[in-house]
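Shown below, as structure tokens, is a lone chain in the form predicted alone; questions about how it binds or moves come after it.
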């Protein structure tokens, strides 16, 4: 049977999602917990990989097993999982469901705080920016990203993809509870795409870039090297077909 998981994790002490021999990853911890809970080895497939230091509030994954734990999957897995990974929800899914290929839209959030001093509490949960950012201008310029574009300028090397064209369905920058939050929804993301978008919008907030600079990058007339730190990034939500 196929089991669908909704997962929350603090990525601070993980070397990313994907299994790497000898390293602590989210996938390896989940697969170990599944084996302990069911007595079976299973490969866990996620909606997408997250890098070292990146967090998740709504990562989705699936795995196949023979043992039926009924409604107890979440509790059984959480019993064996470390405290920085929690199963928020576990349910049986149709065999046609695929955590990655069935996804139609994902939302990431990037969290920033403005301070001249590093926060002892936020250092692995948000990204510090010195000085004041113009969040209203960031939000206005961010609209240049909406729609179907070639995001090659906003992809880091090191990942294979058949196309660099993606469609951003929504993007918003707002102040909330003392933070600046960049929210980006798209049909898919390239390697480091959100972190590069965040880096560009931080420059916009500082007055170092404007709307025309973003459109030139989207037209591939230039390259954009900066990548915002991993600790500010959260996989917030994954939406699926027929939901």
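Positions refer to the first chain, counted from 1. Here the structure is a predicted model, which means the values were calculated and not measured.
Keep in mind that the form predicted in complex with a further copy of the same chain is missing from the display, and what follows is about it.
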Is residue 234 close enough to a further copy of the same chain in the predicted complex to count, meaning some heavy atom within 4.5 Å? yes
Considering only heavy atoms, tell me if residue 105 and a further copy of the same chain come within 4.5 Å of each other in the predicted complex. no
Hey, in the predicted complex, is residue 176 touching a further copy of the same chain, heavy atoms inside 4.5 Å? yes
4.5 Å heavy atom contact, residue 132 to a further copy of the same chain in the predicted complex: no
Candidate stretches 140-148, 164-172, 90-98, 123-131 - the one whose heavy atoms come within 4.5 Å of a further copy of the same chain in the predicted complex: 123-131
Using a 4.5 Å cut on heavy atoms, which of 184, 26, 56, 197 is close to a further copy of the same chain in the predicted complex? 56
Taking a further copy of the same chain in the predicted complex and a 4.5 Å non-hydrogen atom cutoff, the residues of 85-113 making contact are 85, 86, 87
